[in-house]
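One chain comes next, on its own, written as structure tokens: the form predicted alone.
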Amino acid sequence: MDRWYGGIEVGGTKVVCAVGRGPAEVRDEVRFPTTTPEETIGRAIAFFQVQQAAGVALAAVGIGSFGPVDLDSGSPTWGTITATPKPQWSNADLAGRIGRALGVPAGFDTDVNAAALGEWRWGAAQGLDNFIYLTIGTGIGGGGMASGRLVHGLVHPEMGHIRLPHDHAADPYPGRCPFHGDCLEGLASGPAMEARWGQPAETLPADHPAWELEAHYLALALVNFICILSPQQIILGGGVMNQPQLFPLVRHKVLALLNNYIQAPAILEEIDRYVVPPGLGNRAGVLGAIALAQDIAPDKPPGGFDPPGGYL
């Protein structure tokens, strides 16, 4: 089989490009900072053009991007980032420009939906029909599946911008979201932690009060998602979660907040397997983008791939 698939994870701070067929078959991979749209998209295109020039048969490319993005296939601005606070990136065309430059079909979704697809195909969510994937990093975003389908809707889920109870006496920090102030992202993203505590989150010691507060906000969000979406599993990725003390804190607070209301053994008896890190680690996004490419490739190999049943 000489068909290969391109994956591009476009994050707020970095871009990951890879050519592969899955976790065990990655032919080449590159990471570079997210700068201006012109430079960033140009570097991604150049990476794949070098592959093509070397004889790699690229069947399709998948793109998982930070948002908000236009996912409406009938829209004249499909494949673009829309009104983002990231400077210069509003209305940036990703899927159209990349697909045209490489001469292959381009799949497009949010970075978190792409990561969810990767986890469903090869990672922690294999065999599940309903789950969510949250990334806690430069921003906070969420994607996932319902009834075996990636969740879309009027636009796409914006789980990072839900409103949470904010005790201003206990936490006077006003939040940093330019749209909502103290939404989940405004209170619990990596930049919010740095602004509140005066140093990057990764430099805070494990016993710093920052982690209790972070776990509190994340648990409030998870309880909302559990009550609304009833996921079979919650996967938490992103750089902020790279703290060994954070998962136990979040799990404990989720149980306390639910207060035995949800009578599900998966939560009451197996919370360690219910709120989990990504099975694919920090490669969930780019591998999910490869999965997007596989699902839109015009000629799938014999036996094909098992796409997630369409999109909600």
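Since this is a predicted model, take the numbers as computed values, not measurements. In case it trips you up, residue 1 is the first one in the sequence shown, and so on.
The same protein also has a form predicted in complex with a small molecule, omitted here; what follows describes it.
- Across the options 199-207, 215-223, 101-109, 142-150, residues that bring heavy atoms within 4.5 Å of the small molecule in the model of the complex belong to 199-207.
- For G22, no non-hydrogen atom is located within 4.5 Å of the small molecule in the model of the complex, even though that partner is not displayed.
- Using a 4.5 angstroms limit between non-hydrogen atoms, Q243 touches the small molecule in the model of the complex.
- In the model of the complex, the small molecule lies farther than 4.5 Å from every heavy atom of G175.
- Interface residue remark: T138 is counted as part of the site for the small molecule in the model of the complex, having a heavy atom within 4.5 Å.
- Proximity to the small molecule in the model of the complex, defined as a heavy atom within 4.5 Å, holds among P231, G238, G186, G123 only for G238.
- Within 4.5 Å of the small molecule in the model of the complex, a heavy atom is found for none of P157, F247 and R251.
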